[in-house]
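Here's a solo chain for you in structure tokens, the form predicted alone.
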């Protein structure tokens, strides 16, 4: 197994099993040293909780990045998730430039929208700037809604057929992303998966579609993908591995209606560790 160090930049939602509280344990479980840079601290995530606290850490990010640069701290990859402002997008770009090793990977999950809508507090301008961050990414990991907002593509309410998906991936690739992993692709009612565009070719991976959706699964997917990738998996294989782990995490949560705020990914970690180690 290779000794890699990655940096992940996203918020800490103290309760809710998303963002850094899933990224750190999942990537670490894959055997990869994981450094973090919180973009904000929330008491809970924003999906279903009320009255949550929020502290923006934008003002701390340049100083932290500057300290790392001074100390000569370098990362083999930077993986970004939820960013709270346009300013943070600029800070992330600088940190990538100053702390990545030569040939280091830029992995961008533009966590800002789903189900045809932007998350609370985000604007079309933010989506455009996020598109610029995906444009310098080695791997962009948008869902369909995020890809639409970044590229100015109407989301619509109609089912997304293969022609739509291929055109949408083209548009994300045109932003500059070297590789695109589009999440939430479905051509059949009982199947869901990802489309992976690499070297001009698209490959699909589908799995069973569970009836119940859950908070935090996009973060779980991106974290497992990053962990597998950094342990030598090819992009497509890492995409498949992450999809299977996300489904397994959701299955571990089925039947527990009190656990509505996230999924029990911890119970699925042994299967991910075995698979990554075999890979």
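Positions refer to the first chain, counted from 1. Owing to the predicted nature of the structure, the values given are computational and were not obtained by experimental measurement.
One more form of this protein should be noted, the form predicted together with a small molecule, which is absent from this view; the next part is about it.
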At 4.5 Å between heavy atoms, is residue 252 in contact with the small molecule in the predicted bound form? no
Can you check whether residue 42 is within 4.5 Å of the small molecule in the predicted bound form, heavy atom basis? yes
Touches the small molecule in the predicted bound form: residue 75 (any heavy atom, 4.5 Å): no
Can any non-hydrogen atom of residue 38 be found within 4.5 angstroms of the small molecule in the predicted bound form? no
Does the small molecule, in the predicted bound form, lie within 4.5 angstroms of each residue among 13, 18 and 119, using heavy atoms as the measure? yes
Specify the contacting stretch among 243 to 251, 26 to 34, 225 to 233, 211 to 219, defined as having any heavy atom within 4.5 Å of the small molecule in the predicted bound form. 211 to 219
